[in-house]
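The chain below stands alone and is given as structure tokens, in the form predicted on its own.
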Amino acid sequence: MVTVAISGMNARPDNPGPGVAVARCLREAADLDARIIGFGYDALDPGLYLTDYCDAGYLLPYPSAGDQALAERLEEIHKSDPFDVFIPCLDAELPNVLRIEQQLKKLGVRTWLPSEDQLKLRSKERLNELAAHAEIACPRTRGITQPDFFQRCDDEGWKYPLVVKGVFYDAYVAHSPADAAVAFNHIARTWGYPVLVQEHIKGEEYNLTGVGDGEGGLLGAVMMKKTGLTDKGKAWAGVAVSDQALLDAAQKLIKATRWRGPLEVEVIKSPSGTYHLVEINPRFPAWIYLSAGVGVNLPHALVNLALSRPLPAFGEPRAGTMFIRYALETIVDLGQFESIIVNGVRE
């Protein structure tokens, strides 16, 4: 048996973390005997209490506490509940995890993650640079630190609507300077600076997820078209597609970065058929369970890569398979909730 620890156990209906979906993929992997530990950052993260998917649940210090606080907490957990593989599922925690990767290896914990340089290459601030290197269209993106930009942006060729984004999370379409200033202030308070401004591209939204092998190769790509969106623009429903142009574009990006680990490529397909790169996320997406649904269980592949095991056998993803997200209440014993708050562990 292998024990896998997974973070990102938050599961807001309008903007869920990927952790529960990753755990669900591993639980349903036919030839993987896995015990699953869920890591959360808040006592209200539902995945901590979902016993069907997580055999244990623990709280971690918020990423703002720094890498050594994370290292100490993971070592503390490992002493009482050893785990073999760690799959971090949130953008904000990755810099800390990468800085303590060698400490995790000394504990016997394996990961399959990009390097710090690769992480910087795909950052939203450098998206134009990477897109140009990979010969992919990309909407103009700029980092700003003052909201007065929105009053004068027209002089610099920026036309409304604009997309206002956080470095880690959140994106809002602004139709006026007032809309943009509200979005800017919310994102700056929540995620800090810089706040990003991006040209708004009209078209259909497509996403691709896969695992980079670290040598420039892309393993098990799964593509989907968003067919239903939340107010935050997250996929509420989607359908698996097979699109060679999207796959070619993603492979160029993987080759350019020699990406190692999971990733999600977000693009918009304009009416002319051109793909515009919008984001590259350095982790599995919240819709990753679709990968298991189409017969390409990517979290299972990542665990095998981390442990130097043979990759599971994949066929071609079954195009035409849909997912529809839903909200579901979980019943929690008050004693378990109190244990998470007081002790940071579900008992």
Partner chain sequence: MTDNTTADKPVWIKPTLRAHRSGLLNKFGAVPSRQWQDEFEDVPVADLIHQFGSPLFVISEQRLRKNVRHLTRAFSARYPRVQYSWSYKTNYLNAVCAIAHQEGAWAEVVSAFEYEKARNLGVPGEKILFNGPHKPRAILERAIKEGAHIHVDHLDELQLIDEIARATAQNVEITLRLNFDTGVTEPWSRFGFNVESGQALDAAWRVAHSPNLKLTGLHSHIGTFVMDTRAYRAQVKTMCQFMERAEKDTGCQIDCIDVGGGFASRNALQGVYLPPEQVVPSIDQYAEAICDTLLEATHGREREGRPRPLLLLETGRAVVDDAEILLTSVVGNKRLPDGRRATIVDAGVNLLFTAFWYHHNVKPTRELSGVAEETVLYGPLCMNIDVMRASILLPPLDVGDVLMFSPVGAYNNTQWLQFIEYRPNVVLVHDDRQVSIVRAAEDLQAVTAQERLPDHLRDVSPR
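Values in this document were obtained by computation on a predicted structure and should not be read as measured data. Residue numbers count along the first chain shown, from 1.
Just so you know, the form predicted together with the partner chain exists too; it's not on screen, but the next bit is about it.
Enquirer: Please identify the residue among G216, P161, P82, G143 with any heavy atom within 4.5 Å of the partner chain in the predicted complex.
Expert: The residue in contact is G143.
Enquirer: Looking at E199, E75, E204, E129, which has any heavy atom no more than 4.5 Å from the partner chain in the predicted complex?
Expert: After the contact test, the surviving option is E129.
Enquirer: Flag this candidate site as yes only if D67, I341 and G344 all have a heavy atom within 4.5 Å of the partner chain in the predicted complex; otherwise mark no.
Expert: Checking in the predicted complex: D67, I341 and G344 are all within 4.5 Å of the partner chain.
Enquirer: Looking at the partner-bound form in the predicted complex, is R99 within 4.5 Å of the partner chain by any heavy atom?
Expert: So R99 counts as contacting the partner chain.
Enquirer: Residue-level contact is defined here as any heavy atom of the residue lying within 4.5 Å of the partner chain in the predicted complex; does D42 satisfy this criterion?
Expert: Judged by the heavy-atom cut-off of 4.5 Å, D42 is in contact with the partner chain in the predicted complex.
Enquirer: Would you classify K106 as touching the partner chain in the predicted complex, given a 4.5 Å non-hydrogen atom cut-off?
Expert: Contact check for K106: no, nothing within 4.5 Å of the partner chain in the predicted complex.
Enquirer: Mark A92 yes when one of its heavy atoms lies within 4.5 Å of a heavy atom of the partner chain in the predicted complex, and no otherwise.
Expert: Contact with the partner chain, yes.
Enquirer: When the partner chain is placed as it is in the predicted complex, which of 229-237, 206-214, 187-195, 264-272 ends up with heavy atoms within 4.5 Å of it?
Expert: Heavy atoms within 4.5 Å of the partner chain in the predicted complex occur in 187-195.
Enquirer: Enumerate the residues of 148-178 that have a non-hydrogen atom within 4.5 Å of the partner chain in the predicted complex, in sequence order, or give none.
Expert: If the 4.5 Å heavy-atom criterion is applied to the partner chain in the predicted complex, 148-178 yields R152, E156, F168.
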